[in-house]
Structures are given as structure tokens and as C-alpha cells.
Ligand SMILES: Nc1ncnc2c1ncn2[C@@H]1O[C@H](COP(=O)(O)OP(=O)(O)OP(=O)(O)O)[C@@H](O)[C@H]1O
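Okay, here we've got a single chain as C-alpha cells, the form predicted alone, with questions on binding and movement later.
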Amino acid sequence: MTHAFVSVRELTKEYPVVTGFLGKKATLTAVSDISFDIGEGKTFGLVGESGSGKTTTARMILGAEPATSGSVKIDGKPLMNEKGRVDPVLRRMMQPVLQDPYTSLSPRMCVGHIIDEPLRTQKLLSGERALAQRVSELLDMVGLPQDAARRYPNELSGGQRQRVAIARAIAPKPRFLVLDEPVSALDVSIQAQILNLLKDLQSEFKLTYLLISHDLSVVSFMSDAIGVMYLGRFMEIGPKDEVLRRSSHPYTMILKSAASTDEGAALPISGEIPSPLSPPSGCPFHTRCPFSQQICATTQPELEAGPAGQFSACHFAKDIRAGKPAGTCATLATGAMGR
């Protein structure tokens, strides 16, 4: 059995806000009661539209954002110590790779100093010779030429900048990387190169990844397990093959159809994601779901287990999995089950 290197339990994040002319107090729930594990050396993909709570979840797992409730464990140890701070030992195990390599790198620092900055900050190496040697090794690992160490970010392409960001992230030898939309700012021709690099590094160093993306094709390529988020909740979660090949939630199926190259496969979706300040009653997705029925508007479905470790928060998940849904879900099953 794969060791759960990252364990998230009932994680919730709420923000107090003031709304309206009279300054009425309200609560914005960005993430609500989510739980999942990431096996050591594996990748867990969080997918969903902007505003679904993916990045807030990542920030809590990194300790950059305090959780309102719930817990995070890294390698079996609580992320927060008794003083309510991130355990310094665990902090050194984790590194982020952010979305935009154009803004995540300091324009005033040469590449060599960008890469060795975490080594200096954490006092992991001393002496310019040792630092230069480590930078040289890291440039080789990410496929950059040695003379890149003397250059500045504005002299590099987008793909090269993201390679610098990856080199900086792995410099202190972490065990866990949070990849927040790591290729969304890059040209399509470069995306596959960066994703393959991340896979190679994961294999070589047994890295554990949390991957955040709105792109289901990226998540499918990289992940071992997938969580589909909407308005801070999991709509579907489980092993990649189960979630993608035997989807049992309409939102997952719509994301799949949007990523499909088959123009006739598209399932309809209307409107924007609702505000988390005033979420819909019942199923959070029912206001946009083309297969919504009356129960969807009144009763919130719980995540229910499928036969192969897959969980879905849909009143009709069992019917969809069985291929014999009732009512308006019939179109969904016959149109999307086989993809």
C-alpha cells in the first residue's frame, strides 16, 4: 500500500467579510470540509474552474494560509506545531512552483542567485564554490545551459524561466512540490516539455506533487488521483482512471467534454460559477447543471463511494455508473459514459 505522504482531513477556510452599504457581516466559505491523501511519490490533481477553491487549498497545505478548521499532516506529522506555526522541519520539505514564470522570478537577480537563494536562506550550503557547484548541477537537471547562471530572467524565454523556477524549487531537496498551474502561462508547444521534466524529476527523486490546474488534459497526464472541485467542495474524487473513464458527476463530464477535440461531444453549461458569499441551496452545481432535478435544488448530496475507490457528490451517481439513470439524466449517461 502506498504511504500517504500528505494527508488532508476536513479542511475548511472561511473569511469574514463586510457587504453592502450598511456593512453587513457575512462569511465567505472558500473551501468546505475536504479530505484527501497523496501517496509518497505520487501526484494528486485538483481541477476546476477559477474560484473553485484550488489555490486556497494549496496555500493551506503549504502553511501560507491558516485553516479555519481541519488538519494537514506531512509524512505523518501535523503541519502546525503547538505554537500554531508551520513546523520548520516540514516547511523545508515543501516548495511551490507558481503559475507565472514572468512574475515569480526577481528581475534584479541573475539566474544563479535566484536558484541558490533558498540554499542561502535556509543555510543548507556555505561557501561560494559549493553554491556554484549546486547551481551547476541544478541547471543540468532542468535542461538549461551553464551560462544561464549569469543571465537575467528577461533574457530567457517563458519555458526557460519556468525551468529556473523548478530548479529553485528543488534546490533545497524538498520531498513535496505544490505545482500551481505550472504550464498555463506557457505556449502549448512548451507545455509538454515542462510536464515531462516534472515527471522525470518526480521519478528520479521520488517527489510528491499536488498539481493545481483548470486544464483536465494536464491533470490527466500528470496525476495518479484527481479531485474535481466546485465552490470549495469536491464533486468527484478518486483514482484517475475511475474519475475520467467512468465519471459519475455531471460537472466532471462537462469538464471532460470541454477538453475533448470532438466538437459533437460538448455538453452544455451556462452562466458563471456562483459567488461563495451566496452559494446555491442543495447541490452547489445545480444552477448550471443541464440535468438538474428538483431534489438537486433542495438537498445537498454527500460524497458516496463507488465500487473502485471513486467518490461522487451527485444524487444520481449510482444510476449514472449503472448506465440506467432516470429522468433527464438519461441523456447524460448515454452521451458521456462511453467517452
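Counting begins at 1, following the sequence as shown. Note that the structure is a prediction, hence the values are computed from the model and not measured.
What follows is about the form predicted together with the ligand, which we do not show.
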Of the residues Ser69, Ser281, Gln294, Ser50, which one places a heavy atom within 4.5 Å of the ligand in the predicted complex?
Ser50
The one residue among Asp87, Glu181, Asp75, Asp224 placing a heavy atom within 4.5 Å of the ligand in the predicted complex is Glu181
Triple contact flag Leu186, Ala192 and Ser220 to the ligand in the predicted complex, non-hydrogen atom at 4.5 angstroms
no
Of the candidate stretches 36-44, 284-292, 54-62, 307-315, the one with residues having heavy atoms within 4.5 Å of the ligand in the predicted complex is 54-62
Would Ala30 count as touching the ligand in the predicted complex under a 4.5 Å heavy atom rule?
yes
Would Pro276 sit within 4.5 Å of the ligand in the predicted complex, counting heavy atoms only?
yes
With the cut-off set at 4.5 Å between non-hydrogen atoms, does Ala322 touch the ligand in the predicted complex?
no
